[in-house]
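The data below hold one chain only, encoded as structure tokens and taken in the form predicted alone.
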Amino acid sequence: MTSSPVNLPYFDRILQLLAAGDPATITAFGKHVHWGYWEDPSQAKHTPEDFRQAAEQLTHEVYSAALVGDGQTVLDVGCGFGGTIASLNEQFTGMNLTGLNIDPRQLDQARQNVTARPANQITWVEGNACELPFPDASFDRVLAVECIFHFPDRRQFFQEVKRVLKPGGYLALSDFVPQAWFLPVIELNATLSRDPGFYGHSNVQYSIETYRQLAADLGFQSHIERDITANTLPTYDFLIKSGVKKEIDWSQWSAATQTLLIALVSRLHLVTYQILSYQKPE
């Protein structure tokens, strides 16, 4: 298997299970590797197929926040296995779609998974989200679905997005966003913990106020701030209670403890799940 420049044990585990042909993993995580969105969380079934549909819906929610439409050039940063690009390819026409990831293993999976429809073009690029290898004003839309917390520097990413977006273009992302008053607890935990654990290095120290200040500093106009925490909570029931436990490998202590901790702080609304979008001025 191709080596990876990043340490993301949860991706390692999913790739192992996909290579082994595990049916539940293929269904739940073969296309998207992010949380799910349920319009009515009480109707969640906690099955791999139900989770697959919810993960697809979360992708729809994010790119809808960017006002994606036919005939656009779209960059999906941190494209994973190509699920967002696949969804855009299926839903829209006349698209020039680019998926970027720093991990060549994920790009290999994306190339296998996604074939451009006749009216669309798809390009896969290995690269760093904070050093986007594209000319200025290259894209109508930029997306980052549940990955920005892995990037080295959000400000640098926003600066790069502003550079590659066309005037009037939109950025949309989803992120785990803590309450401002809870930030000192997260920062203390990050200081004390040297082991990035099952989910790899993750910076969840950006409050909504910090995002607002970042957007203002760089001249982005805030378009959407949408708290969808309640709609994502069945994700934890699926991961923890459904019995599909091999997806997160409970034999690893950090897999269990980190998943349970994220579930707890989310249910208590100490950390929220937000969809955010911004427009570059004309």
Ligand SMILES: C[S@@+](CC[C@H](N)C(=O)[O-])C[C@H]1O[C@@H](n2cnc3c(N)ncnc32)[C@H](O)[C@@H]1O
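When you see a residue number, it is the position in the sequence shown, counting from 1. Quick caveat, the model's predicted, so the values are computed rather than measured.
Below: the form predicted in complex with the named molecule, not depicted.
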{"property": "One stretch from 110-118, 126-134, 159-167, 206-214 that, in the predicted bound form, holds residues within 4.5 Å of the named molecule by heavy atom", "result": "126-134"}
{"property": "Output flag, F11, L100 and D103 jointly within 4.5 Å of the named molecule in the predicted bound form, heavy atom basis", "result": "yes"}
{"property": "Selected contact from I186, M95, C147, V177, since only one has a non-hydrogen atom within 4.5 angstroms of the named molecule in the predicted bound form", "result": "C147"}
{"property": "Contact of F198 with the named molecule in the predicted bound form (heavy atom, 4.5 Å)", "result": "no"}
{"property": "The named molecule contact in the predicted bound form: L75, any heavy atom under 4.5 Å", "result": "no"}
{"property": "The named molecule contact in the predicted bound form: P152, any heavy atom under 4.5 Å", "result": "yes"}
{"property": "Non-hydrogen atom contact L239 with the named molecule in the predicted bound form at 4.5 angstroms", "result": "no"}
